[in-house]
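Next up: a single chain in structure tokens, the form predicted alone.
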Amino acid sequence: MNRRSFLTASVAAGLATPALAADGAAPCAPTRGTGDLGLIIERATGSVLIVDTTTRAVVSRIDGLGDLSHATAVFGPSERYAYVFGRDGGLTKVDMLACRIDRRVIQAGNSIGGAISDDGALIVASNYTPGGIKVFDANSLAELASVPAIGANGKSSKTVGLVDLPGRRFAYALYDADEIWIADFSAGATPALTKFTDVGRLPYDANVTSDARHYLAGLFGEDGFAHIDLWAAAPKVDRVSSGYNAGRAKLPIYKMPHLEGWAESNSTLVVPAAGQHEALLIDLETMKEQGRIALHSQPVFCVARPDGREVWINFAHPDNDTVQVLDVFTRKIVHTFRPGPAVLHLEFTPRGHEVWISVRDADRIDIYDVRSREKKAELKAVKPSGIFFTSRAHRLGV
């Protein structure tokens, strides 16, 4: 093919691209990158928004994703595909460029989230009903494995705190069995399982540090966290901040803190405390508590700015109209403001110059400059909750 023919074919192919979005979805631009795209959950309508962080604009709305009342999303390594885990057990593969659903399966009765393997080949869903995890091919969403969660107590358990680890491995907690498992799929669809028992009462959520070393699970049935050093020659479970409510009344919990939203800043973790108006500071070198920060109310998400200097914190009902900013260096709250009713989630742009905030009961997304604290823009959204930018594709544990 000569140069002229090649260019003609290329132009024709480019002009054909919009047809990809013609199947029931709003059209996208024929040519665009993925690095400044994001996905926003509209929890009440089973829809998601695709947004452009550079232009601060909605690119498209996609319907038909089922129950998104507790939805999360992960991205494949190319950033083109998002995988959305719905509360109804739905697993939906969304094409971020064509602005349409690529594939969708109902894989369980009640799902609580998921993860993607480090090579982008496996999608794993964490389930409440029937419990356990399920593994899918990232391209076809064909089911590859189902791993029941039967603890040493013989009970089938809900699984929570699912995160990806290097080498096609995944860590997760068994809520009803007081256990933590690591499933290794490096040799195929039948995993090698490492099981940690007696980790503490009712592990409810968990996360792993960005270096894939420290896995921490919050304990609903007692104060403190279960910790596993994954770099150790023989990993074992120990406790962190045990009894942090000792001598104090534990307040009613209106919404459990999310450890998946903890803030990692240099050698410090900022973790929301359950049952107190506090964030806990944990030293990653020693895994000892460094201090506590008094907060406006009960924290839900503690989200670190990409450079780690600040942590932005939102709160549970009935005080969920407020956001506070913690300066990790000085260990002081440096800013408090009220974006509006029911702030559910915060997400920083990849380099951290702006933060996007979902204000559910005002049906909008607010966009703030992180240094001036000024609101730069608003986007309309129907009962928005989770905000997920494609930069997550290149980070562990999110």
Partner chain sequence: MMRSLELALIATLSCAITPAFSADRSRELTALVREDCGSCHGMTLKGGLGAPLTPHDLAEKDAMSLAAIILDGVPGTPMPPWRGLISEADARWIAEKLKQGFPQ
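Positions refer to the first chain, counted from 1. Because the structure is predicted, anything quoted here is derived from the model rather than measured.
Here the subject shifts to the form predicted in complex with the partner chain, a form of this protein not shown in this document.
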Is the partner chain in the model of the complex near all of Ala44, Arg87 and Tyr128, within 4.5 Å of a heavy atom of each? yes
Tyr244 near the partner chain in the model of the complex, any heavy atom under 4.5 Å? no
Does at least one non-hydrogen atom of Pro318 fall within 4.5 angstroms of the partner chain in the model of the complex? yes
Is Arg364 close to the partner chain in the model of the complex, meaning a heavy atom pair under 4.5 Å apart or at it? no
Examine Tyr81 and determine whether its closest non-hydrogen atom to the partner chain in the model of the complex is within 4.5 angstroms. no
If the cut-off is 4.5 angstroms on heavy atoms, which of these, Leu202, Leu144, Ala138, Ala212, is the one near the partner chain in the model of the complex? Leu202
Only one of Asn110, Ser117, Thr268, Gln324 comes within 4.5 Å of the partner chain in the model of the complex by heavy atoms, so just point that one out. Asn110
Heavy atoms within 4.5 Å of the partner chain in the model of the complex: which stretch among 351-359, 65-73, 365-373, 327-335? 65-73
